[in-house]
Structure formats: structure tokens, C-alpha cells
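Below sits a lone chain in C-alpha cells, taken as the form predicted on its own.
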């Protein structure tokens, strides 16, 4: 181990449960339920940080370059992509918050698998999380249109 390397402990705060074709549920574990206080007060979207546990292998963690499938982007470093294959398989999704019921956050269906560990939930704040003048390379422009969900 290099002397500059550090290790961190990350504890899942919940797990993704697939509900139906339209919704997923983030089931928050009992010790963290109090952290949901006021999340249901009118936020329309949340940021979900999750662990790509099905890609957490030494081989997947060693992938440092790749090309998005079915996309005109060039081969690039994984820090320039949203690939689940990366040194730490932490993924982020902004998703519509549908409802909050006790320890369950119902959200619009997204790309995580059933039983995926959730490592954090944050409110989406348009005034600080959205940048009007943000730009992407031309090969990403077609998939970078603003979403309305």
C-alpha cells in the first residue's frame, strides 16, 4: 500500500427495492430513519448515492478506460464517464421523489438493481445542483438534454 492511500468505511443506509414498472423504493434501515425528517416537505427530486455491488470485483475496479456502449464517444478515462466499472463503484442518480412513508422513500424507477446498497440520500437543490451554462463534449450532447421528470 502506498503511504498516500487511505481506506474508508462506508455503511449502507438502506437498500433499493424494485416495486413495479414505474417505481422503486429506497428502504432506509432503522438506525437512519430519523435522518428522513423533513425530506417529504416538498422536495421533488433527490440525489441517491449507491454502491454498484454487482460490479464490485477486482477486475471491474481495475478498469480505468472504456467506451460507452452504443454511443459515439471515444474510449476515455472512467472519471469522464458514468460507467459502473471504476476504482470505487459509487454511482449517483438524481431521481423524482414520489412519496415518503415511514422508512420507505418511493421514487421513479431508475437503473439500480434490486437489493442495491444505498450509501447516501441528499435533496436535489436546483439553485446549487443545476448549472445553466454547463457544457459537455459534442458526442454527449444528444444524451445531455435537460430532463423534465
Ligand SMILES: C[S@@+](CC[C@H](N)C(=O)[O-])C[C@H]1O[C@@H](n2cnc3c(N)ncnc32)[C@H](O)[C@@H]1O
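Residue numbers count along the first chain shown, from 1. Quantities reported herein were computed from a predicted structural model and do not represent experimental measurements.
A second form of this protein, the form predicted together with the named molecule, is not displayed here; the remarks below concern that form.
For the chain shown alone, residue 92 is a contact residue for the named molecule in the model of the complex, at least one non-hydrogen atom being within 4.5 angstroms. Contact between residue 53 and the named molecule in the model of the complex is found at the 4.5 Å heavy atom cutoff. Contact check for residue 121: no non-hydrogen atom falls within 4.5 Å of the named molecule in the model of the complex. At the 4.5 Å threshold, heavy atoms of residue 105 stay clear of the named molecule in the model of the complex, well away from it. Considering the named molecule in the model of the complex, the lone stretch of 95-103, 110-118, 38-46, 22-30 in range is 110-118 [heavy atom distance within 4.5 Å].
Along 63-84, a non-hydrogen atom within 4.5 Å of the named molecule in the model of the complex is carried by 82, 84, in order along the sequence.
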